[in-house]
Ligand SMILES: Nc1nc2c(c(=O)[nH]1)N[C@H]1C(S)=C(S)[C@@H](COP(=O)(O)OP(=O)(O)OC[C@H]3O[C@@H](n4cnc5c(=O)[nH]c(N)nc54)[C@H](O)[C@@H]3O)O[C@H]1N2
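Starting off, we have a lone chain in the form predicted on its own, written out as structure tokens.
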Amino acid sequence: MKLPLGTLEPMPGAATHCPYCALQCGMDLRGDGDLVHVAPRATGDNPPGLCQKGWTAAELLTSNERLTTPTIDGEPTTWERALAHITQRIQQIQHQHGPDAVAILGGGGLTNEKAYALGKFARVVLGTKNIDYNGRFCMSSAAAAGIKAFGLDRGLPFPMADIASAEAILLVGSNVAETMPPFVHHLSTMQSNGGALIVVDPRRTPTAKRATLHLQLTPGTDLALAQGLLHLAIVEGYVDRDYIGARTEGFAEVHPIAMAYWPERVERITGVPVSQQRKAIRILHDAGNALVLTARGAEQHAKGVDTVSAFVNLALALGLPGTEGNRYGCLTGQGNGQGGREHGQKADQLPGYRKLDDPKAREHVAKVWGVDPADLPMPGVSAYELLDALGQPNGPRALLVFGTNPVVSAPRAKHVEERLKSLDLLVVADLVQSETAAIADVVLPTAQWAEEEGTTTNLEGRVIRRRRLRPPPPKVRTDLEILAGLAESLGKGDKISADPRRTFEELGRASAGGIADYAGISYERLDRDGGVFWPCPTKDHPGTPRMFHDGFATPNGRARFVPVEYRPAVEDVDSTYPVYLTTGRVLAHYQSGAQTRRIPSLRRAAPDPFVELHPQLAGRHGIEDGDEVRVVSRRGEATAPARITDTIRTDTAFMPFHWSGAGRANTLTNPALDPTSKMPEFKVCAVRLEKVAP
């Protein structure tokens, strides 16, 4: 069934980008009545290509499952009444409890313009310190580690095309064959040219099956593996002493720590055989052009920053970052995961990747915003800390949610759902009735990616244009229009613009001089050039595809080795909870599944959650393929059918996290936080398995 479009007049076509992952694959859209035709389009250095999620993305535009009118307490209402109701409740709550009693949770899929406006709305219109976003659950550990080592965070400080020319790649904690399939093109080209692929993952995923060498480690032990590889690089004479002396600092502090991680010890910790450790470091050394890439599997831990730092240390020791053809990078996950963390929706940031507690940064941005720097709130707390505090004494009493679905995606999700239900006011802006929208007091229907203009920044730091095919249905508004309407209703209508072009121009001024400097980027230039890499400080600057060749973004221009020590998972296995649980994604779905589970072909491809078990582990519990399995952690339980496979370790279970209800994997996950990034420990917790009686 299709949503009637009424008087909408389809445009003939639009060149835009896929709304899902950070590859931001190019799309050509063509309107034909109530249908939208999708075709892949080459962009930048990437050939045309889409995965099944991208091919079917336009089906939601006219789906009968999308939201088409505002609601209050489940009843349809007008926009005027909805905004008036929200305004009245915000004013009451802030009058009674103070400005910080109203909070905002944003998303890494929002455009740069919306992420910027959300941060400004929180701090200037609401005057609250309480804003963070779901990117805290995605790239925060890699970002923090990158800043420690290099002085800034840009996921890939080089174009994706460079990947194809590598002679060896160490890929840690990423299953790109399912999470961003078109990326595999670069790996395939690399391998067809004779390059070697080393994959670190507890599962023999479709990506690991392509590998020259698969290091199938125990969940949560990536840091020990990195230390062990660095140990071998040192004792085998593989470290690049000239590079270390000329371009880095801190190796003397890291060296003695690495010497304590001899291969046999690392094998006991990780389960990776000594022979494979030696083979891996030899491959990286022998390659004339090597690359180290980390992703969520290494980062989503309570020691995620230290784990990424350990792999950065390895890359630095081998002389890789900032040299021609030799690289280190992190794979960003969400569609605008890079841009979404640069312009102010993060608890501690101002636009341009500035720090909120930096007086000079506050002065610069406040001048652009036309406010007194003293009136800007100081940093708030991270996403999980914010969710955990909802409705608690001295915690926020109201929450506005844009572009995320924490009822499914947050760790310890049952607890988070309870905190959301305890609020005096929960407002959700979304395009479908997500699980979070289903419990909201007010739901605001938002436009989809093909119905709005804007920009995103893909995983290589390339700013690109999102173009509108046609306007949204009559009673649907863009997020910028919602924020502008609320600002007007709250008496600060001059602070937020509904115009994305005007918002982007202001973003450029606010980011000028910052680490992520967009000042030289304009819609006209993006239309002409097809994308511009930041930093780009002036209109005649060429942009910066490759970073760090002339020095790192540290005060002295040197990259820093960071001393780290391995520590076990916060929650290790024991006699009561004897099995490791790790979580991840499947090919057909994206993030919380709120969108992809509503597309019929994707739902048919992956209709239900499952528990992946090795035959030996299943046999010990009397579980056969298809049996219902109850997975129990210290936080709750989830139930799903067993999927028996020898591609997983014998001590580990795997669940995808795209589903709600009984099969919600994040009911089980541990909210223990990394002390620096505040990343929860999604990727490992202790569980027990119980076969459910027929």
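Just so we're clear, the structure is a prediction, and the values are computed from it rather than from any experiment. In case it trips you up, residue 1 is the first one in the sequence shown, and so on.
Just so it is clear, the following notes concern the form predicted together with this ligand, a form of the same protein that is not shown.
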Go through 130, 583, 349, 503 and name the one with a heavy atom inside 4.5 Å of this ligand in the predicted bound form.
583
Only hit among 113, 460, 222, 342 for heavy atom within 4.5 Å of this ligand in the predicted bound form is 222
Quick one: is residue 456 in contact with this ligand in the predicted bound form, heavy atoms, 4.5 Å cut-off?
no
Classify residue 384 as contacting or not contacting this ligand in the predicted bound form by the rule of any non-hydrogen atom within 4.5 angstroms, answering yes or no.
no
Using 4.5 Å between non-hydrogen atoms, is residue 473 touching this ligand in the predicted bound form?
no
Non-hydrogen atom contact residue 200 with this ligand in the predicted bound form at 4.5 angstroms:
yes
Per-stretch contact check against this ligand in the predicted bound form, the hit in 503 to 511, 76 to 84, 173 to 181, 351 to 359 (non-hydrogen atom, 4.5 angstroms):
173 to 181
Counting heavy atoms only and using a 4.5 Å cut-off, do 89, 94 and 496 all touch this ligand in the predicted bound form?
no
Determine the residues of 254 to 273 with a heavy atom within 4.5 Å of this ligand in the predicted bound form and present them in sequence order; the list may be empty.
none
